[in-house]
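Encoded as C-alpha coordinates, the following chain is the form predicted on its own, with no partner shown.
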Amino acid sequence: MEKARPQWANPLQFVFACISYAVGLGNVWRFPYLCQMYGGGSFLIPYLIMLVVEGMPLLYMELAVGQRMRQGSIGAWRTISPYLGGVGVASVLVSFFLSMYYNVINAWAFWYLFHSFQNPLPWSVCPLNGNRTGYDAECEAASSTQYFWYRKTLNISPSIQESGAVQWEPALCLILAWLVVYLCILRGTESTGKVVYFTALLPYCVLIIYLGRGLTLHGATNGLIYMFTPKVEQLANPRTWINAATQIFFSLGLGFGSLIAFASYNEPSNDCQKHAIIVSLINSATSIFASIVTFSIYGFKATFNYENCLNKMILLLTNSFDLEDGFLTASNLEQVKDHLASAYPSKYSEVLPYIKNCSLESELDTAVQGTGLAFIVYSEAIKNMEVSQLWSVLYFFMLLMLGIGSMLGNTAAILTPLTDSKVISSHLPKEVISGLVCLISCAVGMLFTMEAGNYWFDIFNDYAATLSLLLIVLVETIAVCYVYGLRRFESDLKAMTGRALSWYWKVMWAGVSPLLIVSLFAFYLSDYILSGTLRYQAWDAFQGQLVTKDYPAYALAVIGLLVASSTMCIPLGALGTFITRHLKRGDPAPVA
(Lines give C-alpha, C1' and ligand atoms only; values in the text may rest on other atoms or scores of the structure.)
Protein backbone atom coordinates (compact mmCIF):
# COMPACT_ATOMS: atom_id res chain seq x y z
CA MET A 1 0.00 0.00 0.00
CA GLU A 2 1.31 3.45 -0.98
CA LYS A 3 2.21 5.72 1.94
CA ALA A 4 -0.05 8.78 2.38
CA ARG A 5 1.63 12.04 1.44
CA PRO A 6 2.61 14.17 4.46
CA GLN A 7 0.60 17.37 4.89
CA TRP A 8 0.88 20.68 6.71
CA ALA A 9 -0.92 20.60 10.06
CA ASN A 10 -2.96 23.65 8.96
CA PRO A 11 -2.99 26.23 6.11
CA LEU A 12 -1.24 28.77 8.36
CA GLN A 13 1.89 26.57 8.46
CA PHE A 14 1.97 26.57 4.66
CA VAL A 15 1.61 30.37 4.47
CA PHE A 16 4.33 30.85 7.10
CA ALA A 17 6.63 28.42 5.24
CA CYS A 18 6.16 30.44 2.02
CA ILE A 19 6.70 33.76 3.83
CA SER A 20 9.77 32.42 5.65
CA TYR A 21 11.19 31.24 2.31
CA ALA A 22 10.31 34.31 0.22
CA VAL A 23 11.17 36.97 2.81
CA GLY A 24 14.93 36.61 2.95
CA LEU A 25 18.17 38.54 2.94
CA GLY A 26 17.37 40.15 -0.44
CA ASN A 27 14.53 42.12 1.20
CA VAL A 28 17.00 43.59 3.70
CA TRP A 29 20.12 44.11 1.62
CA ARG A 30 19.08 44.39 -2.05
CA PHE A 31 15.77 46.24 -2.15
CA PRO A 32 17.08 49.30 -0.17
CA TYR A 33 20.08 49.44 -2.55
CA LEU A 34 17.75 49.44 -5.59
CA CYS A 35 15.68 52.25 -4.05
CA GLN A 36 18.88 54.19 -3.51
CA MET A 37 20.15 53.61 -7.04
CA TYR A 38 16.94 53.97 -9.05
CA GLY A 39 14.94 56.94 -7.92
CA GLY A 40 14.12 56.56 -4.22
CA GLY A 41 10.33 56.63 -3.78
CA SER A 42 9.72 56.59 -7.54
CA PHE A 43 11.25 53.06 -7.73
CA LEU A 44 8.11 51.81 -5.98
CA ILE A 45 6.06 52.54 -9.14
CA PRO A 46 7.80 49.99 -11.43
CA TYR A 47 8.25 47.64 -8.46
CA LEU A 48 4.53 47.47 -7.69
CA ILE A 49 3.61 47.22 -11.38
CA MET A 50 5.98 44.23 -11.75
CA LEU A 51 4.46 42.69 -8.63
CA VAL A 52 1.02 42.72 -10.30
CA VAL A 53 2.03 41.60 -13.82
CA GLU A 54 4.84 39.20 -12.91
CA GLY A 55 5.20 38.34 -9.22
CA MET A 56 1.66 37.39 -8.20
CA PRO A 57 0.75 35.45 -11.39
CA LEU A 58 3.93 33.35 -11.44
CA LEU A 59 3.76 32.65 -7.70
CA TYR A 60 0.14 31.51 -8.06
CA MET A 61 1.05 29.31 -11.02
CA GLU A 62 3.82 27.49 -9.12
CA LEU A 63 1.64 26.97 -6.04
CA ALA A 64 -1.21 25.69 -8.22
CA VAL A 65 1.08 23.25 -10.07
CA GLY A 66 2.45 21.85 -6.79
CA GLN A 67 -1.00 21.51 -5.22
CA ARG A 68 -2.53 19.92 -8.34
CA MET A 69 0.28 17.43 -9.05
CA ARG A 70 1.11 16.75 -5.36
CA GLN A 71 4.74 16.05 -6.19
CA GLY A 72 8.12 17.77 -6.10
CA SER A 73 9.40 19.71 -9.13
CA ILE A 74 10.68 16.68 -11.11
CA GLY A 75 7.50 14.62 -10.70
CA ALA A 76 5.18 17.61 -11.21
CA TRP A 77 6.66 18.64 -14.57
CA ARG A 78 7.02 15.03 -15.70
CA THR A 79 3.28 14.59 -15.02
CA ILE A 80 2.49 17.63 -17.16
CA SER A 81 4.64 16.14 -19.94
CA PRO A 82 7.19 13.30 -19.89
CA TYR A 83 9.47 15.58 -21.91
CA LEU A 84 9.56 18.19 -19.13
CA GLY A 85 11.32 16.13 -16.44
CA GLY A 86 14.48 18.13 -17.19
CA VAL A 87 12.78 21.31 -15.94
CA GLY A 88 12.45 19.74 -12.49
CA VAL A 89 16.03 18.46 -12.59
CA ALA A 90 17.23 21.98 -13.52
CA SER A 91 15.31 23.42 -10.53
CA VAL A 92 16.85 20.85 -8.16
CA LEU A 93 20.36 21.55 -9.50
CA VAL A 94 19.96 25.35 -9.14
CA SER A 95 18.61 24.86 -5.60
CA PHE A 96 21.62 22.66 -4.81
CA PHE A 97 24.00 25.37 -6.09
CA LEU A 98 22.15 27.95 -4.00
CA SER A 99 22.19 25.81 -0.84
CA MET A 100 25.95 25.29 -1.13
CA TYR A 101 26.77 29.00 -0.91
CA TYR A 102 23.69 30.52 0.77
CA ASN A 103 24.32 28.77 4.08
CA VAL A 104 27.76 30.41 4.19
CA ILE A 105 25.90 33.68 4.89
CA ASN A 106 24.34 31.98 7.92
CA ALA A 107 27.84 30.89 8.97
CA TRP A 108 29.01 34.54 8.80
CA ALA A 109 25.90 35.60 10.75
CA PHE A 110 26.79 33.05 13.48
CA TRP A 111 30.38 34.38 13.52
CA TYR A 112 29.23 38.00 13.99
CA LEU A 113 26.56 36.95 16.50
CA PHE A 114 29.15 35.21 18.71
CA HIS A 115 31.43 38.27 18.55
CA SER A 116 28.53 40.60 19.38
CA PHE A 117 28.77 39.70 23.07
CA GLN A 118 32.24 41.30 23.38
CA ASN A 119 32.74 44.75 24.88
CA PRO A 120 33.81 46.74 22.97
CA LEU A 121 32.62 45.18 19.71
CA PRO A 122 35.68 43.75 17.93
CA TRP A 123 34.96 45.76 14.75
CA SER A 124 34.65 49.07 16.60
CA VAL A 125 38.40 49.74 16.88
CA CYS A 126 41.52 48.89 14.89
CA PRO A 127 43.95 46.42 16.50
CA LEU A 128 47.51 47.45 17.35
CA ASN A 129 50.34 46.51 15.00
CA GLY A 130 52.97 43.87 15.78
CA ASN A 131 55.29 46.38 17.51
CA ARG A 132 52.34 47.84 19.47
CA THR A 133 53.49 51.31 18.40
CA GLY A 134 50.35 52.15 16.42
CA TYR A 135 47.34 50.70 14.67
CA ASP A 136 47.49 47.93 12.08
CA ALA A 137 48.38 49.46 8.68
CA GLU A 138 45.64 47.63 6.74
CA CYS A 139 43.00 48.69 9.25
CA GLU A 140 44.16 52.32 9.16
CA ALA A 141 44.06 52.33 5.35
CA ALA A 142 40.50 50.95 5.37
CA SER A 143 38.27 51.13 8.47
CA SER A 144 37.78 48.98 11.56
CA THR A 145 34.56 47.43 10.17
CA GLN A 146 36.13 46.67 6.79
CA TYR A 147 39.20 45.21 8.49
CA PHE A 148 37.09 42.91 10.67
CA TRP A 149 35.15 41.71 7.63
CA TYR A 150 37.97 41.24 5.12
CA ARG A 151 40.80 40.24 7.46
CA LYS A 152 39.30 38.72 10.62
CA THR A 153 36.22 37.08 9.12
CA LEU A 154 37.31 36.15 5.58
CA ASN A 155 41.10 36.48 5.90
CA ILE A 156 40.76 37.22 2.20
CA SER A 157 43.54 36.60 -0.31
CA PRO A 158 44.66 39.29 -2.81
CA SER A 159 43.15 37.38 -5.77
CA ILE A 160 41.09 34.34 -6.71
CA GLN A 161 44.27 32.57 -7.92
CA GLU A 162 45.65 32.47 -4.35
CA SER A 163 43.25 29.95 -2.81
CA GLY A 164 44.88 29.70 0.60
CA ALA A 165 43.81 27.29 3.33
CA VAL A 166 40.40 26.63 4.88
CA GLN A 167 39.78 29.07 7.76
CA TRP A 168 38.82 26.85 10.66
CA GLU A 169 36.62 29.38 12.51
CA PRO A 170 34.27 30.13 9.55
CA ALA A 171 34.39 26.40 8.72
CA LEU A 172 33.11 25.51 12.21
CA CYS A 173 30.38 28.14 11.87
CA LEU A 174 29.39 26.59 8.52
CA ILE A 175 29.16 23.11 10.13
CA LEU A 176 26.97 24.64 12.87
CA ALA A 177 24.75 26.35 10.25
CA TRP A 178 24.22 23.04 8.42
CA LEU A 179 23.54 21.22 11.70
CA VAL A 180 20.79 23.75 12.52
CA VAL A 181 19.29 23.35 9.03
CA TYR A 182 19.39 19.55 9.36
CA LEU A 183 17.57 19.63 12.70
CA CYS A 184 14.91 21.90 11.17
CA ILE A 185 14.24 19.60 8.18
CA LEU A 186 14.81 16.26 9.94
CA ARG A 187 11.14 15.20 10.09
CA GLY A 188 9.99 16.92 6.90
CA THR A 189 6.80 19.02 7.20
CA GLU A 190 6.38 17.80 10.78
CA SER A 191 9.51 19.65 11.97
CA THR A 192 9.65 22.39 9.31
CA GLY A 193 6.01 23.33 10.05
CA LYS A 194 6.95 24.19 13.65
CA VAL A 195 10.21 25.99 12.83
CA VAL A 196 8.61 28.36 10.28
CA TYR A 197 6.56 30.06 13.02
CA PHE A 198 9.86 31.34 14.43
CA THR A 199 11.74 32.01 11.17
CA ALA A 200 8.74 33.88 9.73
CA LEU A 201 7.72 35.94 12.78
CA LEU A 202 10.94 36.72 14.71
CA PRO A 203 12.53 38.87 11.94
CA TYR A 204 9.45 41.14 12.08
CA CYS A 205 9.82 41.50 15.85
CA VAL A 206 13.45 42.58 15.39
CA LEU A 207 12.58 44.93 12.50
CA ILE A 208 9.88 46.62 14.62
CA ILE A 209 12.33 47.04 17.53
CA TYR A 210 14.95 48.40 15.08
CA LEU A 211 12.40 50.79 13.57
CA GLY A 212 11.67 52.23 17.01
CA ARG A 213 15.40 52.66 17.64
CA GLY A 214 16.20 53.85 14.11
CA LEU A 215 13.64 56.66 14.13
CA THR A 216 15.12 58.08 17.35
CA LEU A 217 18.70 58.13 16.00
CA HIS A 218 20.31 61.48 15.17
CA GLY A 219 20.14 61.98 11.39
CA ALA A 220 17.53 59.25 10.75
CA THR A 221 15.25 61.77 9.02
CA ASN A 222 18.04 62.55 6.52
CA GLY A 223 18.00 58.92 5.40
CA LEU A 224 14.20 58.71 5.22
CA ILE A 225 13.92 61.96 3.23
CA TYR A 226 16.56 60.60 0.86
CA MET A 227 14.61 57.34 0.42
CA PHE A 228 11.17 58.84 -0.11
CA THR A 229 12.21 61.78 -2.30
CA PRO A 230 11.22 60.60 -5.80
CA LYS A 231 13.66 61.05 -8.68
CA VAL A 232 11.05 60.80 -11.43
CA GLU A 233 13.65 60.97 -14.22
CA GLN A 234 14.75 57.45 -13.26
CA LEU A 235 11.43 56.10 -14.58
CA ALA A 236 12.76 56.76 -18.09
CA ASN A 237 15.77 54.53 -17.37
CA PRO A 238 15.17 50.97 -18.71
CA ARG A 239 17.43 49.54 -15.98
CA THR A 240 14.99 50.81 -13.34
CA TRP A 241 12.23 48.60 -14.79
CA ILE A 242 14.61 45.68 -15.41
CA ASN A 243 15.81 45.77 -11.80
CA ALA A 244 12.26 46.08 -10.46
CA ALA A 245 11.22 42.98 -12.44
CA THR A 246 14.37 41.11 -11.39
CA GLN A 247 13.89 41.95 -7.71
CA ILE A 248 10.27 40.71 -7.74
CA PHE A 249 11.27 37.55 -9.61
CA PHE A 250 14.16 36.49 -7.37
CA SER A 251 12.69 37.78 -4.09
CA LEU A 252 9.69 35.45 -4.40
CA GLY A 253 12.00 32.50 -5.09
CA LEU A 254 10.41 31.52 -8.40
CA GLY A 255 11.83 28.62 -10.40
CA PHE A 256 13.73 26.89 -7.59
CA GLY A 257 11.01 24.31 -7.04
CA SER A 258 10.60 25.28 -3.37
CA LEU A 259 7.11 26.73 -3.82
CA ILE A 260 6.01 23.64 -5.79
CA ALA A 261 7.41 21.43 -3.01
CA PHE A 262 5.64 23.38 -0.25
CA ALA A 263 2.31 23.43 -2.14
CA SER A 264 2.51 19.67 -2.81
CA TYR A 265 1.88 19.08 0.93
CA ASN A 266 -1.42 21.06 0.85
CA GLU A 267 -4.93 19.71 0.92
CA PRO A 268 -6.15 19.63 -2.73
CA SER A 269 -9.00 22.00 -1.78
CA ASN A 270 -6.63 24.64 -0.33
CA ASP A 271 -7.25 28.18 -1.65
CA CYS A 272 -3.78 28.66 -3.19
CA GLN A 273 -4.92 31.80 -5.09
CA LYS A 274 -5.60 33.63 -1.82
CA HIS A 275 -2.31 32.40 -0.37
CA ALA A 276 -0.34 33.53 -3.46
CA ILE A 277 -1.75 37.06 -3.11
CA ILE A 278 -1.08 37.13 0.66
CA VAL A 279 2.53 35.88 0.35
CA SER A 280 3.45 38.23 -2.53
CA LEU A 281 1.94 41.28 -0.78
CA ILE A 282 3.64 40.46 2.54
CA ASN A 283 6.96 39.92 0.74
CA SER A 284 6.79 43.32 -0.99
CA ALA A 285 5.51 45.11 2.12
CA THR A 286 8.45 43.62 4.07
CA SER A 287 10.91 44.99 1.49
CA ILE A 288 9.46 48.49 1.88
CA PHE A 289 9.32 48.19 5.69
CA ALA A 290 12.92 46.90 5.83
CA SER A 291 13.97 49.85 3.64
CA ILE A 292 12.48 52.33 6.12
CA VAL A 293 14.49 50.67 8.90
CA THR A 294 17.64 50.52 6.73
CA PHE A 295 17.44 54.16 5.60
CA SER A 296 16.83 55.45 9.13
CA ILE A 297 20.05 53.67 10.21
CA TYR A 298 21.75 54.70 6.96
CA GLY A 299 20.82 58.33 7.65
CA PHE A 300 22.31 58.05 11.14
CA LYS A 301 25.55 56.58 9.74
CA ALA A 302 25.79 59.21 6.97
CA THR A 303 25.09 62.08 9.39
CA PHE A 304 27.63 60.69 11.89
CA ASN A 305 30.32 60.43 9.17
CA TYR A 306 29.44 63.88 7.80
CA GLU A 307 29.64 65.57 11.21
CA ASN A 308 32.82 63.64 12.05
CA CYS A 309 34.35 64.91 8.79
CA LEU A 310 33.31 68.50 9.62
CA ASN A 311 34.83 68.28 13.11
CA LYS A 312 38.12 66.98 11.69
CA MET A 313 38.26 69.84 9.16
CA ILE A 314 37.43 72.43 11.84
CA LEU A 315 40.18 71.02 14.11
CA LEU A 316 42.70 70.91 11.23
CA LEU A 317 42.10 74.53 10.15
CA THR A 318 41.90 75.82 13.75
CA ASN A 319 45.30 74.27 14.61
CA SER A 320 46.96 75.10 11.26
CA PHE A 321 45.98 78.80 11.25
CA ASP A 322 45.87 79.37 15.05
CA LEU A 323 42.19 80.32 14.95
CA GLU A 324 40.23 81.00 18.10
CA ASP A 325 38.41 77.96 19.54
CA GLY A 326 34.76 78.04 18.60
CA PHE A 327 35.27 80.54 15.78
CA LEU A 328 34.96 77.87 13.05
CA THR A 329 31.56 76.18 12.81
CA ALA A 330 29.79 73.98 10.30
CA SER A 331 27.79 76.97 9.04
CA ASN A 332 30.78 79.23 8.26
CA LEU A 333 33.34 76.56 7.29
CA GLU A 334 33.15 77.12 3.52
CA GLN A 335 33.38 80.95 3.80
CA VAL A 336 36.39 80.72 6.16
CA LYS A 337 38.09 78.20 3.83
CA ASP A 338 37.71 80.64 0.90
CA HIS A 339 39.04 83.51 3.03
CA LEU A 340 42.07 81.47 4.23
CA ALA A 341 42.84 80.34 0.66
CA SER A 342 42.98 83.95 -0.58
CA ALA A 343 44.65 85.50 2.51
CA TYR A 344 47.29 82.78 3.14
CA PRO A 345 47.77 81.00 -0.23
CA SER A 346 51.16 79.37 0.52
CA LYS A 347 50.16 78.07 3.95
CA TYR A 348 46.75 76.93 2.64
CA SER A 349 48.42 74.96 -0.20
CA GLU A 350 50.42 73.02 2.43
CA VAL A 351 47.23 72.06 4.28
CA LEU A 352 45.16 71.48 1.11
CA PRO A 353 46.06 67.75 0.65
CA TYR A 354 44.51 67.02 4.08
CA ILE A 355 41.31 69.00 3.49
CA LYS A 356 38.25 66.99 2.51
CA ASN A 357 34.98 68.25 1.08
CA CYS A 358 32.43 67.07 3.63
CA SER A 359 29.04 66.38 2.03
CA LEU A 360 25.98 64.74 3.56
CA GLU A 361 24.59 64.12 0.06
CA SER A 362 27.69 62.21 -1.06
CA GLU A 363 27.57 60.12 2.14
CA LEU A 364 23.94 59.21 1.38
CA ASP A 365 24.77 58.54 -2.28
CA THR A 366 27.27 55.81 -1.36
CA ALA A 367 25.32 52.77 -2.56
CA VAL A 368 26.15 49.38 -1.03
CA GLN A 369 24.32 46.06 -1.38
CA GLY A 370 24.79 42.43 -0.43
CA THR A 371 27.36 41.40 2.15
CA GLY A 372 28.83 44.93 2.08
CA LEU A 373 25.57 46.36 3.44
CA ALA A 374 24.84 43.48 5.82
CA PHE A 375 28.26 43.04 7.40
CA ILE A 376 30.08 46.38 6.89
CA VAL A 377 27.61 49.27 6.68
CA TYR A 378 25.23 47.93 9.35
CA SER A 379 28.04 46.96 11.71
CA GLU A 380 29.57 50.43 11.28
CA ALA A 381 26.28 52.04 12.24
CA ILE A 382 25.75 49.64 15.16
CA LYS A 383 29.18 50.32 16.70
CA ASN A 384 28.22 54.02 17.11
CA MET A 385 24.91 53.26 18.90
CA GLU A 386 24.48 53.21 22.66
CA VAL A 387 24.35 49.65 24.07
CA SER A 388 25.84 48.51 20.75
CA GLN A 389 26.14 44.87 21.87
CA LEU A 390 22.35 44.56 22.25
CA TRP A 391 21.66 46.00 18.77
CA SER A 392 24.35 43.82 17.25
CA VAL A 393 22.92 40.63 18.80
CA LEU A 394 19.40 41.54 17.61
CA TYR A 395 20.54 42.39 14.08
CA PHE A 396 22.63 39.27 13.43
CA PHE A 397 19.98 37.08 15.07
CA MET A 398 17.48 38.53 12.57
CA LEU A 399 19.86 37.81 9.67
CA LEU A 400 20.18 34.25 10.93
CA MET A 401 16.39 33.76 11.09
CA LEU A 402 15.98 35.16 7.56
CA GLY A 403 18.78 32.96 6.24
CA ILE A 404 17.55 29.76 7.91
CA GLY A 405 13.99 30.43 6.71
CA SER A 406 15.21 30.65 3.12
CA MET A 407 17.34 27.54 3.56
CA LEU A 408 14.25 25.54 4.60
CA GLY A 409 12.76 26.33 1.18
CA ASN A 410 15.99 25.64 -0.70
CA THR A 411 16.46 22.23 0.92
CA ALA A 412 12.74 21.36 0.41
CA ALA A 413 13.25 21.93 -3.32
CA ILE A 414 16.01 19.30 -3.29
CA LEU A 415 14.56 16.81 -0.80
CA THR A 416 10.94 16.64 -2.00
CA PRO A 417 11.80 15.18 -5.46
CA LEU A 418 14.30 12.79 -3.81
CA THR A 419 11.83 11.53 -1.19
CA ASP A 420 9.12 11.29 -3.91
CA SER A 421 11.39 8.92 -5.85
CA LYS A 422 10.37 5.34 -4.98
CA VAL A 423 13.84 4.08 -5.92
CA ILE A 424 15.55 6.31 -3.35
CA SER A 425 12.89 6.36 -0.60
CA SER A 426 12.52 2.56 -0.64
CA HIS A 427 16.22 2.17 0.29
CA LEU A 428 16.80 5.21 2.51
CA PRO A 429 14.59 6.86 5.17
CA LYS A 430 14.03 10.61 4.75
CA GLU A 431 16.26 11.40 7.77
CA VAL A 432 19.21 9.76 5.97
CA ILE A 433 18.39 11.49 2.64
CA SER A 434 18.23 14.86 4.45
CA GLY A 435 21.51 14.11 6.24
CA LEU A 436 23.31 13.17 3.02
CA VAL A 437 22.12 16.35 1.23
CA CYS A 438 23.30 18.51 4.16
CA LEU A 439 26.61 16.63 4.43
CA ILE A 440 27.43 16.94 0.72
CA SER A 441 26.42 20.62 0.64
CA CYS A 442 28.51 21.35 3.75
CA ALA A 443 31.55 19.53 2.31
CA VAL A 444 31.38 21.46 -0.99
CA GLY A 445 30.63 24.67 0.93
CA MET A 446 34.06 24.44 2.60
CA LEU A 447 35.34 25.99 -0.66
CA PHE A 448 33.79 29.29 0.48
CA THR A 449 35.66 29.26 3.80
CA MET A 450 39.06 29.33 2.10
CA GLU A 451 41.05 32.57 1.75
CA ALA A 452 39.76 32.99 -1.81
CA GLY A 453 36.33 31.67 -0.80
CA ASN A 454 34.57 35.05 -1.00
CA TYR A 455 35.53 35.36 -4.68
CA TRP A 456 33.96 31.96 -5.38
CA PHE A 457 30.93 33.00 -3.31
CA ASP A 458 30.47 35.99 -5.64
CA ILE A 459 30.74 33.73 -8.71
CA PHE A 460 28.00 31.41 -7.42
CA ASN A 461 25.87 34.35 -6.26
CA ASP A 462 26.13 36.16 -9.62
CA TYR A 463 25.99 33.31 -12.12
CA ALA A 464 24.59 30.08 -10.60
CA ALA A 465 20.93 31.05 -10.85
CA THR A 466 20.16 34.19 -12.89
CA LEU A 467 19.85 32.96 -16.49
CA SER A 468 18.91 29.43 -15.43
CA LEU A 469 15.91 30.52 -13.36
CA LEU A 470 14.58 32.81 -16.08
CA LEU A 471 14.73 29.95 -18.58
CA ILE A 472 13.14 27.50 -16.09
CA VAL A 473 10.17 29.77 -15.32
CA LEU A 474 9.72 30.62 -19.02
CA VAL A 475 9.46 26.90 -19.84
CA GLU A 476 7.10 26.44 -16.86
CA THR A 477 4.63 29.06 -18.14
CA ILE A 478 4.76 27.68 -21.69
CA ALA A 479 4.25 24.14 -20.32
CA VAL A 480 1.18 25.08 -18.26
CA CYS A 481 -0.46 27.27 -20.93
CA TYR A 482 0.46 25.52 -24.17
CA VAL A 483 1.59 21.95 -23.38
CA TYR A 484 -0.78 20.94 -20.59
CA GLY A 485 -3.32 23.46 -21.85
CA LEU A 486 -4.69 26.54 -20.09
CA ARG A 487 -8.33 25.36 -20.34
CA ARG A 488 -7.43 21.97 -18.90
CA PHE A 489 -5.46 23.57 -16.06
CA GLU A 490 -8.36 25.97 -15.43
CA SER A 491 -10.80 23.08 -15.07
CA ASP A 492 -8.34 21.29 -12.72
CA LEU A 493 -8.17 24.37 -10.49
CA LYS A 494 -11.96 24.72 -10.46
CA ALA A 495 -12.33 21.04 -9.52
CA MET A 496 -9.76 21.48 -6.71
CA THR A 497 -10.80 24.79 -5.19
CA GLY A 498 -14.30 25.38 -6.57
CA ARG A 499 -13.12 28.78 -7.83
CA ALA A 500 -13.16 29.77 -11.54
CA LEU A 501 -9.94 31.22 -12.95
CA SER A 502 -10.35 34.95 -13.68
CA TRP A 503 -9.33 36.59 -16.96
CA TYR A 504 -6.47 38.40 -15.14
CA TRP A 505 -4.57 35.20 -14.32
CA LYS A 506 -5.11 33.79 -17.83
CA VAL A 507 -3.86 36.94 -19.59
CA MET A 508 -0.79 37.14 -17.32
CA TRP A 509 0.12 33.45 -17.68
CA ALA A 510 -0.47 33.16 -21.40
CA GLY A 511 1.02 36.45 -22.55
CA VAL A 512 2.34 39.20 -20.28
CA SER A 513 4.52 37.21 -17.83
CA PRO A 514 6.29 35.10 -20.52
CA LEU A 515 7.05 38.23 -22.56
CA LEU A 516 8.52 39.89 -19.46
CA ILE A 517 10.71 36.86 -18.77
CA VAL A 518 11.92 36.81 -22.41
CA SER A 519 12.79 40.53 -22.08
CA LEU A 520 14.73 39.91 -18.85
CA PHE A 521 16.54 36.92 -20.37
CA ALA A 522 17.52 38.96 -23.46
CA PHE A 523 18.72 41.84 -21.27
CA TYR A 524 20.95 39.68 -19.07
CA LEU A 525 22.32 37.71 -22.00
CA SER A 526 23.21 40.88 -23.94
CA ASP A 527 24.62 42.45 -20.77
CA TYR A 528 26.99 39.49 -20.27
CA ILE A 529 28.04 39.59 -23.94
CA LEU A 530 28.54 43.38 -24.12
CA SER A 531 30.43 43.55 -20.83
CA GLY A 532 33.32 41.66 -22.48
CA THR A 533 35.77 40.03 -20.08
CA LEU A 534 34.06 39.26 -16.78
CA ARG A 535 35.74 40.97 -13.82
CA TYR A 536 35.59 40.80 -10.03
CA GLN A 537 36.38 42.96 -7.01
CA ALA A 538 39.51 41.88 -5.10
CA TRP A 539 40.65 43.23 -1.73
CA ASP A 540 43.93 45.18 -1.73
CA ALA A 541 45.33 45.05 1.81
CA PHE A 542 47.87 47.85 1.18
CA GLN A 543 45.33 50.33 -0.20
CA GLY A 544 42.59 49.14 2.14
CA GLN A 545 40.04 49.05 -0.66
CA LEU A 546 38.58 46.88 -3.43
CA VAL A 547 40.27 46.80 -6.83
CA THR A 548 38.93 45.40 -10.11
CA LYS A 549 40.63 42.36 -11.66
CA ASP A 550 39.95 40.02 -14.59
CA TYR A 551 38.76 36.50 -13.88
CA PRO A 552 41.34 33.82 -14.82
CA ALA A 553 40.43 31.31 -17.55
CA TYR A 554 39.50 28.50 -15.13
CA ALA A 555 37.10 30.79 -13.23
CA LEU A 556 35.41 31.71 -16.52
CA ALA A 557 35.12 27.98 -17.28
CA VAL A 558 33.41 27.40 -13.91
CA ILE A 559 30.98 30.28 -14.64
CA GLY A 560 30.16 28.72 -18.03
CA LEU A 561 29.70 25.31 -16.38
CA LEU A 562 27.40 26.73 -13.69
CA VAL A 563 25.11 28.33 -16.27
CA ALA A 564 25.23 25.44 -18.77
CA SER A 565 24.82 22.57 -16.28
CA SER A 566 21.36 23.67 -15.15
CA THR A 567 20.04 25.14 -18.41
CA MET A 568 21.11 22.09 -20.45
CA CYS A 569 19.06 19.81 -18.17
CA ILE A 570 15.90 20.99 -19.96
CA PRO A 571 16.81 20.03 -23.57
CA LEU A 572 18.82 16.98 -22.44
CA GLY A 573 15.88 15.73 -20.37
CA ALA A 574 13.55 16.07 -23.35
CA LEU A 575 16.09 14.38 -25.67
CA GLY A 576 16.60 11.51 -23.21
CA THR A 577 12.83 10.92 -22.98
CA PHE A 578 12.52 11.02 -26.79
CA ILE A 579 15.33 8.49 -27.28
CA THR A 580 14.00 6.17 -24.54
CA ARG A 581 10.49 6.21 -26.02
CA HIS A 582 11.82 5.71 -29.55
CA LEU A 583 13.91 2.72 -28.45
CA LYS A 584 10.93 1.17 -26.62
CA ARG A 585 8.77 1.60 -29.71
CA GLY A 586 11.44 -0.04 -31.83
CA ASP A 587 11.82 -3.11 -29.56
CA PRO A 588 10.81 -6.34 -31.37
CA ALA A 589 7.79 -8.12 -29.93
CA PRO A 590 8.76 -11.11 -27.72
CA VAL A 591 8.63 -14.52 -29.42
CA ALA A 592 6.00 -16.88 -27.94
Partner chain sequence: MLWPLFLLVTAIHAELCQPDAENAFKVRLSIKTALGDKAYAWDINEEYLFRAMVAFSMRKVPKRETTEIAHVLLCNVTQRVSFWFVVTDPSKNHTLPAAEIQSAIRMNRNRINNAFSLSDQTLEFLKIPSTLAPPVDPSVPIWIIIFGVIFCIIIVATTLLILSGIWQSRRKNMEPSEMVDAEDKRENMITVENGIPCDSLDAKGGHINDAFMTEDERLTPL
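In this text the structure is predicted, and so the values were computed from the model without any measurement. Numbering follows the first chain given and starts at 1. Rigid core here is just the name for the largest C-alpha set that superposes within 1.5 Å across the two forms.
There is another form of the same protein, the form predicted in complex with its partner chain; it is not shown, and what comes next is about it.
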Task: Listed residue that, although its partner chain is not shown, lies within 4.5 Å of it in the predicted complex (heavy atoms), from 241, 460, 111, 83 - done: 111
TODO: Would you kindly say which of 482, 168, 354, 503 lies with a heavy atom within 4.5 Å of its partner chain in the predicted complex?
DONE: 168
- [ ] Consider residue 180 of the chain shown here, and say whether it contacts its partner chain in the predicted complex, taking contact as heavy atoms within 4.5 Å.
- [x] yes
- [ ] May I ask you to state whether residue 478 is within 4.5 Å of its partner chain in the predicted complex, using heavy atom distances?
- [x] no
TODO: Please run the contact check for residue 124 against its partner chain in the predicted complex: heavy atoms, 4.5 angstroms, yes or no?
DONE: no
Task: Contact test in the predicted complex: residue 433 vs its partner chain, heavy atoms, 4.5 Å - done: no
Open item on the list: Based on heavy atom distances of 4.5 Å or less, which listed stretch (378 to 386, 255 to 263, 316 to 324, 518 to 526) is in contact with its partner chain in the predicted complex?
Closed with: 316 to 324
Task: Residues in 172 to 186 close to its partner chain in the predicted complex, defined by a heavy atom within 4.5 Å, in order - done: 172, 173, 175, 176, 179, 180, 182, 183, 186
- [ ] Superpose on the rigid core, then tell me if the C-alpha of residue 328 is displaced by 2 angstroms or more between the shown form and the other one.
- [x] yes
